[in-house]
Structure formats: C-alpha cells, structure tokens
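Just one chain is shown here, as structure tokens, and it is the form predicted alone.
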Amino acid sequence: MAPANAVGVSYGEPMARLIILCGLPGSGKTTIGRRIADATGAVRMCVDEWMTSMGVTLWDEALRARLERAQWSETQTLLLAGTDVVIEWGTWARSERDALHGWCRDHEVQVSLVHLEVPMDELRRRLTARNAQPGETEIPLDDVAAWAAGPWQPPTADEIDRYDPYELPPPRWISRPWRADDIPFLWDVLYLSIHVREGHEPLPREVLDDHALAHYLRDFGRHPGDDAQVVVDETGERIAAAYCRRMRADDPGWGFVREDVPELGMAVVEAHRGKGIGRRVLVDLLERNPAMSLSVDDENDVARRLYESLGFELLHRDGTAFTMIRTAHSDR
C-alpha cells in the first residue's frame, strides 16, 4: 500500500497522532485499539470489523485491500483535522509501515508504532479459544505459523526508534460478583492459592481432590453464605478471584475461627500480580462480607501485609501458618 496525500485539507502545526498496531492475528490489536480509543477518544480503523459488518468473509483479500485504502483516506482527513487514529491492520511488511511513517512526517503528524510481540504458543492458545467462539472466522493455526515464517516482518529496534514514543493507556479491569460459569476458575484460584514453600516443588493439581481442599469449593453456591468476587481483563479473561465460605466446626478449614465467620481464599493469575488487582478483588468482596478469617503461610509476607492493610489481625499461629481475622468493624 502506498499512501496518497489527502486532497483539500490544510495542515501546519502537529495536530494529531497516528498509532500503528503491528502484530499477527491473536496478538491483541483489537483489544489494545479499543483500550486506546476508550482512554483517548482516538478513532479506530479495523478492516476486520468493517468486513464482518458487511457479512463478507475475512479471506476476501481484494475487498480487504479496497477497504484499507478507504480507511487510509479517511485516516488522513481525520489526522489533518486534529483527531488521533489507531490503525489495526497488522502492517506486516516494513514497506507498508515505512509508507505510513513517511506520510506522517511529510504532514507534520505524530506517528507511533506499537509492536505487539506475543510468543507463538500464546498466539495458538488465544486463536484456539477464539476459533471456538460462535460466529468467529476460524484462523488455522498452521497458517499463522506459515505467516510468521514468511510475509511477517516484525519491527526491529532500529525501526521502532524512528517513531514518536507512545505509552499505552493502562489496561482496564472489571471487578464483579461471581456467576455460575466462574466456578471452574474458582477451582483454578484454589490451586493457585496453595503456597509453595521455598525449596519445594508445586503440588500436583490432583491435590484438589483431597477433602482438606475440596471442601472449600465443593457445591459452591449451594451453601448459605457462599460468595465470590471475580476480576476480568478487557478481553473478558478471568485474572483474579476471592471467595468465602462458612465452614463447619466439625469440618473446619485451616483458617477456621467459628461457624458464623466465613473463611477467605483468593489468588491472582501470575502474569497479573503486583498490579493492585488482589487488593481490588478483596476490597469488593469485603464490602459484602466485612467479617472473614483466613490462613496465610508464615513465609508469605506479601499476602500477610495485604491482609493487614485491609484490617485483618493475627489471631494465632498453627505450625507454619497464621490464622487471621477481620471483624465487621475493622478499618481499612
């Protein structure tokens, strides 16, 4: 594609920014594009969405090329009028990116390149999940591997340095009460919440079959007081959860205090830790369940400090773990 100059539009001082999202299918171009648009008001240019709305196959390359040209013409007009634009075409070829870059430099428009570099295993996982969704156009995984080995020309560090720096807006998370379809994820969270002591290997997932763990979630939602809060990312993927259950005196959990105080469990998916998500999900669950207890390993200083900051207090020690409690009147 060789961009042509817009006709009949004046320009002078830098007025807007073109943001080029560069990546293979499954790299997150639409997700990032929507994030930028929501945060900044930029206009998104996504050919796939136009083709889908027209009811045509995404494999019509001739139509795709015509729509890209139409979107580029509209993009030039918007940029010169002072509106930021996000292009989600993938821009696999260096020559295509150079053409966009050159036009922006010629017209005193800022231009930034965002390379969405995702490992092939993760691309396969994402596309497998997308292909299974009703109404989605299936993208064969073998095709993606062939594209990566053929026409895909990932940007080099030297190329990226030619563009104006751009900091992506932070991701959006949604914290919501649990639903029935969250229960499999709650079991994932139960497994993630098992503290692995220094020098030890993680326990096999089959450990969840043990009653000492299974009774925290077995038949969840059927017991009075069962409750959970789930955090999802901007794609809808679950990334954290906190749950609580009132345990019985004759079948207590590790953090059991008494039957009217529910016991807490929580975890954040590893890739999303250290971003304040654990605090968010706990605060929201505590809004509905202000009094709770828990058990935390004495090695897990990060978790213990988080609980203390939310009003949990040490009650007693049992071996290598502390039992903590938060009353309904605790400050946070």
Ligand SMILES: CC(C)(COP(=O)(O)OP(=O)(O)OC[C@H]1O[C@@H](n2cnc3c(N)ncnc32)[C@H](O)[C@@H]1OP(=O)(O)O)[C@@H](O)C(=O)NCCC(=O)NCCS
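Not measured: the values here are computed from a predicted model. Note that residue numbering follows the sequence shown and begins at 1.
Only in words, not in the display: the form predicted together with this ligand, which the text now covers.
**Q** Counting only heavy atoms and a 4.5 Å cutoff, which of 66-74, 39-47, 275-283, 26-34 contacts this ligand in the predicted complex?
**A** Single hit among the candidates: 275-283.
**Q** Can you pick out, from Met54, Val302, Ala62, Ala271, the residue that has a heavy atom within 4.5 Å of this ligand in the predicted complex?
**A** Exactly one listed residue reaches within 4.5 Å, namely Val302.
**Q** Considering Met120, Leu192, Ala81, Ala99, which brings a non-hydrogen atom within 4.5 Å of this ligand in the predicted complex?
**A** Checked against the cut-off, the match is Leu192.
**Q** Looking in the predicted complex, is this ligand within 4.5 angstroms of a heavy atom from every one of Met266, Ser295 and Tyr307?
**A** The answer is yes; Met266, Ser295 and Tyr307 each reach this ligand.
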